[in-house]
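Shown next as structure tokens: one chain only, the form predicted on its own.
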Amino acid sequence: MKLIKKNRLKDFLNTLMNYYDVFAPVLKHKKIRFQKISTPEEVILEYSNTHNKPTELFFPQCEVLFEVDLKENIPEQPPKPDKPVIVFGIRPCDARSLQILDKVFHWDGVDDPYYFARRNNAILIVMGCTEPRSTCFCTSVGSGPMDHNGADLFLTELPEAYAIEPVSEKGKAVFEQVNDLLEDATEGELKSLAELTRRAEQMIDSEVNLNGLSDKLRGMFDHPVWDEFHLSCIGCGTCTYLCPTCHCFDILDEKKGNYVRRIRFWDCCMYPYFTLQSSGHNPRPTQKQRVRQRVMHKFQYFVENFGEIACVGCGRCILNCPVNLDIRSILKRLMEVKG
């Protein structure tokens, strides 16, 4: 582990931009979100978390899978990125969400080529979360504000510098590229780092006991407790579009001139049309059933299929729900149900 002094962060980013396309948190339309930067001055690191999920860099809201020239009948693939990508300043919860999506897009030994073309081309510089929000509950789902899982390089903000630690082989290569900008940490700075880590974990006071929840949910599909949760839900889809582990999508073909292109775009299980069949039958016609599906998928079905909860505790769905529906309250209520 070494340090990059705060007054040298611009040099650090400029060096990275010589080798990579760098995506970092910027202010856009009064919201913090990840975007490709052209200068270090655009970067904003004083934030709790981005409004939009950075997983959209790898699984875009809308993407063209391929086009076909009807005259030549030749499929054309979208261009591949010219340079490797660095995602700078991503939080641990979002880095972990990418590990979850890796499992989704690597199904039965087959990789989704569009997702992994971006994923394998990217390096994650994760920044520890020293000021978690009151809506954060990452420690309840097996993570934490200083979780290194999914990181290639890990940064932690200190008073005068950023501690920087390589985690993966990719991270070690970047570490060497910027090594002349780095300094050794003093004993006092190492103590400060340990104290910051302890303090950040203590700041997350939103604990939800989820032990045994997946097994419990197996017998609760028809339980009357589900009648309680959907009453305030308006089915807007905010929770799904901001959730970094949500991955439902639809596909359509669109004709434009002599070309037909196939498009993949996000879909939402909170919408009535999500399960509407061509016969007119809808197996989930009510909001109660759709809310139940969202909870069951993340905390039972995904656990059965992939061995972990499909939630990283980032709190976006809590912070941005227009009717203040809190997933933590739902989970606590489910854990309270007897029999």
Partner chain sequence: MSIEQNIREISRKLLSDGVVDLIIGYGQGTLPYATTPVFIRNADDVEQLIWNPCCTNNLALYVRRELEQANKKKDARPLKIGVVTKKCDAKAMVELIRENQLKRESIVVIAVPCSGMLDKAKLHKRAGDRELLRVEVSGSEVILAGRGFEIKVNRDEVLRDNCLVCKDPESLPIADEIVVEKDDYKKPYVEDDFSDVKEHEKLSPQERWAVFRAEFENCIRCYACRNACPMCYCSECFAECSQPRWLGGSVELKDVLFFQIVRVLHQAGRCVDCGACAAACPMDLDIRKYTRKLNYDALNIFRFETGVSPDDKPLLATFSIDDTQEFITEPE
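Fair warning: this is a prediction, and the values are worked out from it, not measured in the lab. Numbering follows the first chain given and starts at 1.
There is another form of the same protein, the form predicted together with its partner chain; it is not shown, and what comes next is about it.
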Practice prompt. Considering its partner chain in the predicted complex, find the one stretch among 167-175, 184-192, 226-234, 119-127 with heavy atoms no farther than 4.5 Å from it.
Written response: 226-234
Worksheet item: Is Asn18 close enough to touch its partner chain in the predicted complex, meaning at least one heavy atom pair within 4.5 Å?
Response: no
Discussion item. How about Glu157 - does it come within 4.5 Å of its partner chain in the predicted complex, if we only consider non-hydrogen atoms?
Written reply: no
Worksheet entry | Partner proximity in the predicted complex: Ser329 to its partner chain, non-hydrogen atom cutoff 4.5 Å | yes
Discussion item. Can you work out whether Ser134 and its partner chain are in contact in the predicted complex, taking contact to mean some heavy atom pair no more than 4.5 Å apart?
Written reply: yes
Worksheet entry | Candidate site Lys28, Met203 and Asn324: all three near its partner chain in the predicted complex by heavy atom within 4.5 Å | yes
Worksheet item: What are the residues of 254-280, in order along the chain, with a heavy atom within 4.5 Å of its partner chain in the predicted complex?
Response: Glu254, Arg261, Ile263, Phe265, Tyr271, Tyr273
